[in-house]
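In structure tokens, the next block holds one chain alone, the form predicted on its own.
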Amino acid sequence: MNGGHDLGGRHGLGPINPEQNEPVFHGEWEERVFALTVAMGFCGEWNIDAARYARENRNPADYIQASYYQVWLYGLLVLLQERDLLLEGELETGIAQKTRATKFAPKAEEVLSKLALGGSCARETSAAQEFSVGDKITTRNINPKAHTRLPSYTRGKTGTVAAVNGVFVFPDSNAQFLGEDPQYCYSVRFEGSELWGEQAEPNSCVYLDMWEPYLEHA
């Protein structure tokens, strides 16, 4: 989707001022939001792409002004409310009501052990590979309403396939609970001048990982 999260390749938003020796969390509430989000992710009610979409799907001005973990909290609340796991009035009163059970109910120690195992989005497919290294491609100029990993500043731009990464879950489908729809993913090289015109830094380029449905032969 187009929104406040999709700022890659854009200018005019002011300088980036990284915080020296920045801590992982700036307050206890951020730790709690992180822990709650991760724990609920193991309850089987949504997937990682749906969680990303929940964070993105808000007023762009609100998104840009919010801190990192404020965005996470907003996304978590949306997911809980959509699934009737957070009922009207609970936040305001601080009193929990009885809700339906989640698909899974892991204990804290189980969440930690499962998180340590990690997870892979690599999959297999019987579909034929459409592109090869060296192929010239043009990205599709699309504006999907739901989650996508195709940056808006690259849409309609031409690049070269630099590597075939393999087959992975297609986030655009997974975020809408339409299935994992495994797709080939490619590393694509874009020249800076293609993305930003004559004022691009000389000899600059960008490599981006892109799923096959985003691409067309140039």
Partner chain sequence: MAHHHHDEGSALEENPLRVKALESLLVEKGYVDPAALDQLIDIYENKVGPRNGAAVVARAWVDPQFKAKLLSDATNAIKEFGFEGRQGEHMEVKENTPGIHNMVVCTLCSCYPWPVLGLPPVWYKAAPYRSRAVSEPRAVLAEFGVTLSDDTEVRVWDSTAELRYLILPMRPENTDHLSEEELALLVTRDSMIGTGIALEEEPK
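What you see is a predicted model; the values in this text were computed from it and never measured. Positions refer to the first chain, counted from 1.
Missing here is the form predicted together with the partner chain; even so, the following discussion is about that form.
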Please tell me which of A127, V133, I142, L115 lies within 4.5 Å of the partner chain in the predicted bound form, judged by heavy atoms.
L115
Residue-level question: is C185 within 4.5 Å of the partner chain in the predicted bound form, judged on heavy atoms?
yes
Would G197 count as touching the partner chain in the predicted bound form under a 4.5 Å heavy atom rule?
no
Q65 within 4.5 Å of the partner chain in the predicted bound form, heavy atoms:
yes
Classify T138 as contacting or not contacting the partner chain in the predicted bound form by the rule of any non-hydrogen atom within 4.5 angstroms, answering yes or no.
no
Scan 35-68 and note down the residues that get a heavy atom within 4.5 Å of the partner chain in the predicted bound form; none is a fine answer too.
A35, L36, V38, A39, M40, F42, C43, I48, D49, R52, Y63, I64, Q65, A66, S67, Y68
